[in-house]
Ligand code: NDP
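A single chain, nothing else alongside it, follows as structure tokens in the form predicted alone.
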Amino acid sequence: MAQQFTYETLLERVVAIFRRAGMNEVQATALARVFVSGERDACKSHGVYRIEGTLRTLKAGKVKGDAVPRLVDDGGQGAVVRVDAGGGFSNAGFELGLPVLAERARALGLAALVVNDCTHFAALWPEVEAVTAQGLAGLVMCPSYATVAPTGGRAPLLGTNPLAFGWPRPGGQPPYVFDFATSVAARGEIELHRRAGKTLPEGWAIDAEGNPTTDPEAALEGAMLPFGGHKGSAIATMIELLAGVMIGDLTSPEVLDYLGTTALAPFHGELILALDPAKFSAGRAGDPLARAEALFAAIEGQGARLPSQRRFAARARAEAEGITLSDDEVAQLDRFLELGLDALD
């Protein structure tokens, strides 16, 4: 059996759950938006499944549900916009900093938003889509906690370290977006396999002794593997450097030391880059958006699919038919709303 929700009704319910758990309106609404958007777009690993981890992190005192993010003023001229998330969720900090980021990117051609001292374990495509809605290209990255072995290694050291990119498209078309972990799969996918009693595909993980495994339990006790071997390992390391070391925040091993567990949401920083195609192409022939459309048309002309097209199709279905949750999922939401943090006992 299943139940249908509109985006607005499901959002209202998730916000109410977070408010019941003690989060303020700023934190609850920003986080609920990305989880409900995940359900709408059929991204189950980043949908309402993430609510339980949010509540556990709140109960453990590793995130401040009543935090009010603060824009750090640099005089209004620089390319780096900084938000102090105050120990809350990065989503609220991002929403605060986005208008300033967009303004600086249009003025300078390129600007960066740094969100410090935050918890983030949602998808990154909501951020890049928000940047593209401003007519800008966006690149977003953050570390996680150490759950991925570097290529050739035998123990967790890197995070799943997601990377997302977005490019604006004209005429009301959804943007060109990709968002992926630099591990073979997101940790949430392994957890969903465990809950469903399914084995993992080969090449996803190693066990605690460093041996290849398809057992999700053994994988969660061991380490995931980077995608593409040494290439994914290098990109994950780059993200540790740019979105951890460079912005003065925690790297994935430091996050794991801070939390002491992977059962809670990771605490670190986030880096968002915004680029103005008009500024970069100024004085050159051709409209960059039109030229991009020609490239996309050529890709699709070969029968290939642009990234996120399935997600956008799922979004269109959900907007027309509603968001589908199983009875078990609805029952869990009801329990969270009734009991708040006590639902975790």
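Note that this is a predicted model, so its numbers are computed, not measured. Residues carry their position along the shown sequence, with the first being 1.
The following text describes the form predicted in complex with the named molecule, which does not appear among the structures shown.
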- Item | Listed residue that, although the named molecule is not shown, lies within 4.5 Å of it in the predicted complex (heavy atoms), from L124, A236, I272, L136 | L124
- Query: With the named molecule left out of view, which of L157, A111, A186, A130 would have a heavy atom within 4.5 Å of it in the predicted complex?
  - Reply: A186
- Task: Quick one: find which of 174-182, 237-245, 103-111, 205-213 has residues within 4.5 Å of the named molecule in the predicted complex by heavy atom distance.
- Result: 174-182
- T29, heavy atom within 4.5 angstroms of the named molecule in the predicted complex: no
- Query: Looking at the partner-bound form in the predicted complex, is P143 within 4.5 Å of the named molecule by any heavy atom?
  - Reply: yes
- Message: Check R310 for me: does it contact the named molecule in the predicted complex (non-hydrogen atoms, 4.5 angstroms)?
- Response: yes
- Task: Report yes if any heavy atom of A278 sits within 4.5 Å of a heavy atom of the named molecule in the predicted complex; otherwise report no.
- Result: no
- Query: Within 4.5 Å of the named molecule in the predicted complex, do we find a heavy atom from each of T57, L192 and G340?
  - Reply: no
- Those residues of 32-63 which, in the predicted complex, come within 4.5 Å of the named molecule by heavy atom: S45, H46
